[in-house]
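Next come structure tokens for two forms of one protein chain, structure 1 first, structure 2 second.
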Structure 1
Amino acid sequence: MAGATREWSRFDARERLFRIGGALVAVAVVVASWEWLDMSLQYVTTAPAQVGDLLGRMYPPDWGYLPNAVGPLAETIQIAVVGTIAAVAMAAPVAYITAENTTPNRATYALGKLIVTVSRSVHTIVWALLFVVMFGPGALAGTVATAVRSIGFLAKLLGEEIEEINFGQVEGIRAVGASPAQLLIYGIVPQIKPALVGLTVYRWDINVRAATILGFVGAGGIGVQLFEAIDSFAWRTVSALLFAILAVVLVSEGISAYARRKVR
């Protein structure tokens, strides 16, 4: 008994050491980072003033510009819609091979994991850079970038959902003499449908935000106008555009949240 207690306390001490050590390392790394970046403190202290100055120049927003933004904003939403749907279509098979209970073999499993990892580790804007080379500037490149970036997210979460399937329900359908397609329709789809709809709508919402910046690299959407306005120091136009983006993003977030609450 006494031995067990001693074991326990030793483990506790090690744990505490780990925590204190971890915290110290973190602090050291942050301090070292600060040194490395070599930012003079004076420069940093003037930053708030400069930002304040900028905000002053943004006021009042140039609401008159907004009618010109309607088209690009619509394009932003369209990129998110088409990109998300294409992503779902491509993610479904990837999810199938990424789920441990449905993947055919180790090789397909590894392939699925690779696709998920690469898709998720490369940011939308980088994918957009690459697809602009392929498809030329414009919304097509942005749409493909959005789709490719979303595959990993969707496949990963959908795959986890497939792993959770209750096979008893499938077996119940199999026992009545259903065809393989009917097994899918009746036994599997009802089980993953809420997740599928929820994830799709959620990803669409994320993609609306992501699509606002595609224009910075010429891949379509409202980012093109925003970039031009910033480039020409038209700060009042910038603030109007930012408000418009905020409104669109909040509305799509609302739609997405509502839809996800509805399906269950």
Structure 2
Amino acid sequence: MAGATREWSRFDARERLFRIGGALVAVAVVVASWEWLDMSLQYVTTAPAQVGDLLGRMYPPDWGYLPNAVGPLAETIQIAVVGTIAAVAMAAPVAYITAENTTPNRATYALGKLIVTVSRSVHTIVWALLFVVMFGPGALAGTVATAVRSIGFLAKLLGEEIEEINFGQVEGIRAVGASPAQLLIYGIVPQIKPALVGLTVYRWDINVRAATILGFVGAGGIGVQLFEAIDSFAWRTVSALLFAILAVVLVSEGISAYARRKVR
């Protein structure tokens, strides 16, 4: 008599039990978080009417205000540009000591990881608040905040790229008597240059978006005008500024996408 056929199953009983348990835990966490936050849905029913009223106040946009926004928009882009360039300059040595195959010792490796973690753990707005206190309100605080926030992003990804290089090329250059600086310039940088260019442009695109709201905490850019318009309930001016910000972001996205295609 032929043996009984076994029904195929992607997961065995233990795996199914584990997955069901994980799903139940996730649901319990969501429910507990909701209860802890004490969120109320009493205003959900009136939200559509409120949105419609706000859009009515914002239409038509005050296009006549836009000439006043040209300078702040240019400042926003410059904050992103200078902040990104400064971040690349500071992230390069951090990436070098963060990569396991180039870091001099375990202490420098731990230092690099610490810098990356601290930079990435604090939001740009929080950095901006700190630097506004240190340097006063204005574009300097926003530029430094943008740079410091970008160091961790760039150093982490560039460090991973350095770990993937062909180290035989580096050893070949070292064998002919190259100095550490020459090893970096001729052995490492050429191998990570496409990633360096792509990450720099990508981070600049992110920084353009982030710089548009730095003015809310006094760190320069178009956010100052936007905050003042919202604070004075000038909703038509707000809508005009939002369209201007959208246009800048779309242009930066197009430039970023084009540059990344070119370096692939």
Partner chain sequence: MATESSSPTGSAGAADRRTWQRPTAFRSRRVKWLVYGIVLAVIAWSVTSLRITPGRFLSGFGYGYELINSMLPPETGQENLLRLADRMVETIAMAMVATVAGIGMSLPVAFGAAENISPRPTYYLSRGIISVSRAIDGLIVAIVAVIALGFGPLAGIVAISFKTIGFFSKLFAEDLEDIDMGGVEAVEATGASRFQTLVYGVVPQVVPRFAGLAVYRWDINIRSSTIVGIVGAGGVGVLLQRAYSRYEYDYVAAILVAIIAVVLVAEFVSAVVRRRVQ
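Everything quoted here is computed from the prediction, not taken from an experiment. Residue numbering: sequential along structure 1, first residue numbered 1. For clarity, a rigid core is taken as the largest C-alpha set superposing within 1.5 Å between two forms.
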Q. Here are two forms of the same chain; which is the form predicted in complex with the partner chain?
A. 1
Q) Does L66 count as moved between the two structures, where moved means a C-alpha shift of 2 angstroms or more after fitting the rigid core? A) no
Q. Quick one: core overlaid, is F233 moving 2 Å or more at the Cα between the two structures?
A. no
(Q) With a threshold of 2 Å on the C-alpha, tell me if F18 counts as moved between the two structures once the core is superposed. (A) yes
**Q.** For S179, CA displacement between the two structures after the core is overlaid, in Å
**A.** 6.2
